[in-house]
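Here you get one chain, nothing else, as structure tokens; it is the form predicted alone.
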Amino acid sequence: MNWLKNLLGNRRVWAYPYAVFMAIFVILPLLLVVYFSFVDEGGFTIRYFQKFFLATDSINTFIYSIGIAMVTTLVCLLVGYPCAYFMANKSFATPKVMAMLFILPMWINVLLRTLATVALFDFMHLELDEGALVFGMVYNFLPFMIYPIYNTLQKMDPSLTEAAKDLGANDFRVFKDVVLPLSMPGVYSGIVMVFMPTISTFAVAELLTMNNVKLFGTVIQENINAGLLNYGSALSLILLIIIGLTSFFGNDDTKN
């Protein structure tokens, strides 16, 4: 029993299940994506990447997807920051109630929430177009913007704002010079958590536009479903690299 006690008492042992999980469900799929992107009938090739850069439709869809993701992220930021700021304000007694209201929809599957949005638009006789797509994206991903900002604002030392007011700063100056700069790590995390899934989604776009608006995730899905695994993997790798570079440089800017 002593060996079992010593084994369980070693903190490294508790990390082994997570390491196995990461290896099987994260690292291995990424390696397979890279492998199929550069392999054609057993040989190395880059023709799938050339195919993408020579295909005008794919590039236009990719640029359009980035635009939709940027608009969705911007709307989430404009709506989510004031909400997070209100929730983090200790002078109000409703942050827990608001937090619960934003969490409740997340208990339901994203596809069910999207289908409910489609039914809502049908009930109101609204057209399922780009506006419906952006609305559905914001509805599904707004909590991912609110909570990182809320956590950052909640941990902020209140003595900093008090000191700024003692030095003669009004509420606007306090927010602009103290609160906003200190909340930028939360803003950056929220932007990443909204932008990344938005640019790669396909089911939400198909349901909210009746497949009339095609995003880059839909292009990847169609190629994989059609048996073009290599080309679909290459498109996935291109998307992964661009998102990774965006996150990397954005993280450097936040640190500086």
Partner chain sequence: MKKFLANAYLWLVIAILYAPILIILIFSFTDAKVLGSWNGFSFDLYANLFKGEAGPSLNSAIINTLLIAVVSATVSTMLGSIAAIGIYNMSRRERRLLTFVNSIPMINPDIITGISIFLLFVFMGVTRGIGTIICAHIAFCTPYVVLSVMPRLIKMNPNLYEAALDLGATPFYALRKVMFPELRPGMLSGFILALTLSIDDFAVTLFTKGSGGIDTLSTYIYADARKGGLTPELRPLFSIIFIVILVLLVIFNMRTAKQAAAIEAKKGGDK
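Here the structure is a predicted model, which means the values were calculated and not measured. Residue numbers count along the first chain shown, from 1.
Below: the form predicted together with its partner chain, not depicted.
- Only one segment in the set 183-191, 57-65, 44-52, 29-37 has residues whose heavy atoms sit within 4.5 Å of its partner chain in the predicted complex; it is 29-37.
- Contact with its partner chain in the predicted complex, defined as a heavy atom within 4.5 Å, holds for exactly one of L167, L160, L112, L126, namely L112.
- Taking the partner from elsewhere, G131 is found to have every heavy atom lying beyond 4.5 Å of its partner chain in the predicted complex.
- In the predicted complex, at least one heavy atom of L207 sits within 4.5 Å of a heavy atom of its partner chain.
- Contact annotation for F175: none of its heavy atoms lies within 4.5 Å of its partner chain in the predicted complex.
- I224 belongs to the set of residues with a heavy atom inside 4.5 Å of its partner chain in the predicted complex.
- In the predicted complex, no residue of the candidate spot (V71, L153 and L245) has a heavy atom lying within 4.5 Å of its partner chain.
- Taking its partner chain as it sits in the predicted complex, the stretch 12-27 comes within 4.5 angstroms of it through a non-hydrogen atom at R12, W14, A15, Y16, P17, Y18, A19, F21, M22, I24, F25, V26, I27.
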